[in-house]
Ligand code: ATP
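So this first bit is one chain, no partners, the form predicted alone, shown in structure tokens.
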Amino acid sequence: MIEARGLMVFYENMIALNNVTLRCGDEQVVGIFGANSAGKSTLMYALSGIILDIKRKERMRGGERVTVFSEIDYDGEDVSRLKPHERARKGIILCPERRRIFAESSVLENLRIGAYLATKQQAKGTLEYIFSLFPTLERLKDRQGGFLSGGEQQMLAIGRALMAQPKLLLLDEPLLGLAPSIQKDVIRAIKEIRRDRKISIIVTEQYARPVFPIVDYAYILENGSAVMEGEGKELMDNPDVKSAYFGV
């Protein structure tokens, strides 16, 4: 599905990603775990192509210099230089950290905005699926996004990403700021999306405990470097991982 080799990103002279290599196969769930500033969001920006937009905008305004070195193969094609919208058309869809929904638009409008890459038939079927996955959204479909709770906004953000018909779904810290009961709903949804939609998922998280049991493979990031990797169960049983992420 996707394989990234030797990813490196610099913000001025600060290294955000240092020679990171990862792979996510067909219908796999891959976890990326690390503390704040470990490089998780930068990694998602690199995979989705958004880092290229950030680089261009910083250059235009004379701001921070962003340097990117990457080699990314997606379905056998080098997509390293493709713009974000070009990668999206190929099925690489990012659900960003902190939701970033359209606060003044309704739930239904937010979902329809996400369907810009879908046919009418795809949009209709996906909308029905999202409402079955998150029944709360159907009840609140006419409510403005800004009046939703944090958990409801996260459901909406995931639903909007699904409307874009992903083949590879990138979830950047989907549990951030959520109550434990809502975290369970999101974890359940990730499992069902993989099962029902037959797509690959890469999920980043700082709070690793709920996510580890559902990942097929995982990477641990520290200071921009992948310091450990392995199958989910293998890492869960690792004493260093237990100490850092489970407090035992």
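Note that residue numbering follows the sequence shown and begins at 1. Keep in mind it's a predicted model, so treat the numbers as computed, not measured.
What comes next is about the form predicted in complex with the named molecule, which does not appear here.
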Notebook entry, point to check: Just one stretch in 194-202, 177-185, 34-42, 210-218 has heavy atoms within 4.5 Å of the named molecule in the model of the complex, so which one is it?
Noted result: 34-42
Checklist line | Listed residue that, although the named molecule is not shown, lies within 4.5 Å of it in the model of the complex (heavy atoms), from Glu109, Glu138, Asp73, Glu97 | finding: Glu97
Check: Which one of Cys24, Ala16, Leu235, Ala226 is close to the named molecule in the model of the complex, taking close to mean a heavy atom within 4.5 Å?
Finding: Ala16
Item checked: Exercise: Arg65 in contact with the named molecule in the model of the complex, heavy atom 4.5 Å -> yes
Notebook entry, point to check: Hey, in the model of the complex, is Glu173 touching the named molecule, heavy atoms inside 4.5 Å?
Noted result: yes
